[in-house]
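Let's start with one chain on its own, the form predicted alone, as structure tokens.
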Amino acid sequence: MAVIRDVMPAFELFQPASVSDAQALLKRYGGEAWLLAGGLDSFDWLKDRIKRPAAVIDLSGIADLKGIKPWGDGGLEIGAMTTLTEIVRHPVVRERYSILLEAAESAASPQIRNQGTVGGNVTQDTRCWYYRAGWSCYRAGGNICYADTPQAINREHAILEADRCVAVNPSDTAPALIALDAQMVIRTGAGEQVIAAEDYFVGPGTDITRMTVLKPGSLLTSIRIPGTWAASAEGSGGAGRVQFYFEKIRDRNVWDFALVSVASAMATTGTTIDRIRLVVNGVAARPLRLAAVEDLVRGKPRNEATAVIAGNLAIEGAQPLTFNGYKVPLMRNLVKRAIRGVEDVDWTS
């Protein structure tokens, strides 16, 4: 199906100044409303005339959705309209939650990070080119997955948890937020709802038309990061010292979405893993927390042997498509690196 790259379809543009005003507009227009954050995902849809909302609600004028402030016992609350650049530059994020800094800084390019928001990054739609080009696939309401056919171009698609649709989640910050045990604050017509970041994302088995729990009328307002996974002070080395690992593999060092990414938050005593949260993305329709791997390595030494068994367990059940079999060893090796670290690896061996 050819994409018509023409002028955008007509819509009403609203620029509310408060969350309550935005909610009133969402209630008024329901499923015909489109929320605009940084616009980097939205404008692609609108320019290609694939999405045709009756109303676009621009959130950029709502001050309450912006900024980073203390929350709880040593944690942070990040407004959904906070740009990725603001996150990268924030001193507390840099000092205590560097995994989120690395994830945000890996997104696209500096110009895009200046415009793109953390709320938009975690809520953006999948980048499957069949779906985004207007093909009538399962996710778009049709009865076929064009990426899951012998002739398909599916190099960037899912190897895990495919259920009719094999599109993957494109968010760079999502795995880091899940590793940090973040909470997503959502406003609905019934009030405020707070859910764990790992439950914010849904797979096709839950709802094939959505990537997140957000429904018409819902609005992500902020993200809360508890202090429980803040990095330990440099050189503290004491019991329960928290360390992070983030790595994103992509074709080019800028702009591209992840082929596979991994994020981990790990507390260690000496070389023993006390507790860990380990997340991968780019392999399924939602970021995957590897709970079975976490259970396996807890209490074990942080070494090559532990990394090997963790990597092998992580890829159990993987079902690669025609052109993405490379993701299986790639995911295994990223999990190994997250467990053992890379500082002491002899790359000549």
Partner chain sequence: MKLPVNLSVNGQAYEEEAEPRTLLVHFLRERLGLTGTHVGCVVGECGACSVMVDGALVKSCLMLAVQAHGCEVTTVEGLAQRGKLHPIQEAFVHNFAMQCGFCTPGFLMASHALLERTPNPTEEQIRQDLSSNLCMCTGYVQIVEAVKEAASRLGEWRKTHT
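Small disclaimer: the values here were computed from a predicted structure and weren't measured. Residue numbers count along the first chain shown, from 1.
Here the subject shifts to the form predicted together with its partner chain, a form of this protein not shown in this document.
In the predicted complex, its partner chain stays beyond 4.5 Å of every heavy atom belonging to residue 194. Though the partner is left out of this view, residue 18 does not reach within 4.5 Å of its partner chain in the predicted complex, counting heavy atoms only. In the predicted complex, its partner chain sits within 4.5 Å of a heavy atom of residue 38. Interface residue remark: residue 11 is counted as part of the site for its partner chain in the predicted complex, having a heavy atom within 4.5 Å. In summary, the region of this chain contacting its partner chain in the predicted complex, judged by heavy atoms within 4.5 Å and restricted to 274-282, 170-178, 111-119, 222-230, corresponds to 111-119.
Contact check at 4.5 Å (heavy atoms) against its partner chain in the predicted complex: none of 34, 77 and 90 pass.
Screening 47, 27, 302, 298 for any heavy atom within 4.5 Å of its partner chain in the predicted complex leaves a single hit, 47.
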